[in-house]
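Take a look at this single chain, the form predicted on its own, given in structure tokens.
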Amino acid sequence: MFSSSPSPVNAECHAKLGKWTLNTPVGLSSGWADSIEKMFIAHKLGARFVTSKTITLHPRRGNPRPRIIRGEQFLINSMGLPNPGVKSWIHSLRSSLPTFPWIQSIFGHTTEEYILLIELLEPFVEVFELNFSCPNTEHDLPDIETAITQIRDITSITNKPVFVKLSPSNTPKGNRRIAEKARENIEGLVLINTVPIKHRGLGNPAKQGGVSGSVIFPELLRHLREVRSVFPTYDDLPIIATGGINSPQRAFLVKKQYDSIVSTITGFLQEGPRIFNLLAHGLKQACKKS
């Protein structure tokens, strides 16, 4: 069944995420938890770690509606990073700081904005995610060499672990190059975000969105395979895999063959909270068979 994949690698059922050690590490990807309350809810529903909604320096309303297209095995969104902005977010963190494992996702239009976001949020945050992957904003994604330079500059101002979320708009070799050149500066990668697509039903003028769900799982595997050809294990380069992982079998493959931990959002939206325990079961089976 998995004959086209690399030979099995280390598949212990725990992983480090900043200061936390996670057992059967299954998390919620960035996008749904746009409030601290939702982060607590996701954790109570079974997410072993939670990634916040991506926060920007200033509040964003997001793209015009409609901005969600639903299908049986996919979801297309053009949300455009709606969020309350960093000042409001910090106010919420001061009121109710999560004590469970969580990741703060951020997006800046410039290197300077990323740096300012980290400086403002660092007192509250243990692990950062740099969102270098959203296809639904008015700004183009950075090219490979620009991304490498930005990552080095941004991470130089913090000692906190930093993951970088990369887009399938880059080729697998392109994302592997980012990993190779930035490895000394980052904690790990998040692979992948939604796959860019156009749909006439979307409300934004460009009709640009990103497709997620079961249909993009083969694309996730392409990127995992390429990066793991250079960094074979989680210890070499931690990877949080997200994209079409909606069954124990897929969690099993991602863990056993690519030694990556698992995160989901479309699976959560389509399958409900049971998805976290289902995926954890797949990770346990991968560990037993190693």
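Small disclaimer: the values here were computed from a predicted structure and weren't measured. One rule holds for the numbers: they count along the sequence shown, beginning at 1.
Note that the form predicted together with a small molecule isn't included here; everything after this is about it.
J.: Taking the partner as it appears in the predicted bound form, which of 176-184, 70-78, 149-157, 85-93 has residues with heavy atoms within 4.5 Å of the small molecule?
T.: Of the options, only 70-78 has residues within 4.5 Å of the partner.
J.: Out of 26, 221, 265, 227, which one falls within 4.5 Å of the small molecule in the predicted bound form, going by heavy atoms?
T.: Of the candidates 26, 221, 265, 227, 265 is the one lying within 4.5 Å of the small molecule in the predicted bound form.
J.: Within 4.5 Å, heavy atoms only: does residue 260 come near the small molecule in the predicted bound form?
T.: Residue 260: no, not in contact with the small molecule in the predicted bound form.
J.: I'd like to check something about residue 53: if you look in the predicted bound form, is any of its heavy atoms closer than or equal to 4.5 Å to a heavy atom of the small molecule?
T.: Yes, residue 53 sits close enough to the small molecule in the predicted bound form that at least one of its heavy atoms falls within 4.5 Å.
J.: Examine residue 213 and determine whether its closest non-hydrogen atom to the small molecule in the predicted bound form is within 4.5 angstroms.
T.: Residue 213 belongs to the contact set for the small molecule.
J.: Contact with the small molecule in the predicted bound form for residue 192, defined as at least one heavy atom pair within 4.5 Å: yes or no?
T.: Close contact exists here: in the predicted bound form, residue 192 approaches the small molecule to within 4.5 Å, heavy atoms only.
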